[in-house]
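Only one chain is included here, represented as structure tokens and corresponding to the form predicted alone.
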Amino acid sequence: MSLAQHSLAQHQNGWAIIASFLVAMMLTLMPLPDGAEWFRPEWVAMVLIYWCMALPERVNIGVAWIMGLFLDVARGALLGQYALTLTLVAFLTIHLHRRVRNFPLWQQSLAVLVLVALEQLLVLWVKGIIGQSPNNWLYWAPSLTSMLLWPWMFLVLRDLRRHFRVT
């Protein structure tokens, strides 16, 4: 077996990872009523956190950078803003993945709260530098909704990974 065949045999069903990121991107871009917009979870960050914990050798800082650039373009943000924040989230998740994935779901939810809040803090910092900082405490609501939705997100993605034998 050649090196290329061995590499392909090692990793399977990468389309499931791509599909989960596409669904997360669609949920991020889906229009919501004005009042609900503040509470939109950080779908892309949550999917990134899951895959970085489950398969850190496949979903890594490079994937985070690319997804961040897509998010920058989709949200009309300063180019590199979300790329920077998602890269940092991926780095921390990969660095801590052996510990965090052994936590019970409620503790993982707290870790997701911290990671998403860190992402939002960096976005707030960049927006403050360019003079677009929000002046509403609801800016932090996505961290809370991401934390509350994490157990279901984790279970759905874990079942997807197991069903399609994503390695």
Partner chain sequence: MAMRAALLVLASVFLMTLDHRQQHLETMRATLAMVLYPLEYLVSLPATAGNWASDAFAARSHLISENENLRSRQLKLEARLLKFDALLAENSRLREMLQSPRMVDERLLVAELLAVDMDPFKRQAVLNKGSLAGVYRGHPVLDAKGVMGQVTEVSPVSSVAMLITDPSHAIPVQFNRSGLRAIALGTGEADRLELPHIPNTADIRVGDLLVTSGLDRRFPPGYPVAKIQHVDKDPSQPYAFIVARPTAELERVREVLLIWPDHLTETSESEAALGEDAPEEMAQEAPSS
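Note that the structure is predicted; figures quoted are calculated from it, not measured. Numbering follows the first chain given and starts at 1.
One more form of this protein should be noted, the form predicted in complex with its partner chain, which is absent from this view; the next part is about it.
- Contact here is defined as any heavy atom lying within 4.5 Å of its partner chain in the predicted complex, and by that definition not a single one of Leu113, Leu155 and Arg162 is a contact residue.
- Think of it this way: in the predicted complex, its partner chain has a heavy atom of just one of Leu55, Ile61, Val100, Ala117 within 4.5 Å, and the residue is Ile61.
- With a 4.5 Å cutoff on heavy atoms, Leu144 does not count as touching its partner chain in the predicted complex; it lies far away.
- When its partner chain is considered in the predicted complex, Pro31 lines it closely, a heavy atom lying within 4.5 Å.
- At the 4.5 Å threshold, heavy atoms of Leu105 stay clear of its partner chain in the predicted complex, well away from it.
- In the predicted complex, at least one heavy atom of Met26 sits within 4.5 Å of its partner chain.
- Contacts with its partner chain in the predicted complex, taken as any heavy atom within 4.5 Å, map within 60-79 to Asn60, Ile61, Gly62, Trp65, Leu69, Phe70, Asp72, Val73, Ala74, Arg75, Gly76, Ala77, Leu78, Leu79.
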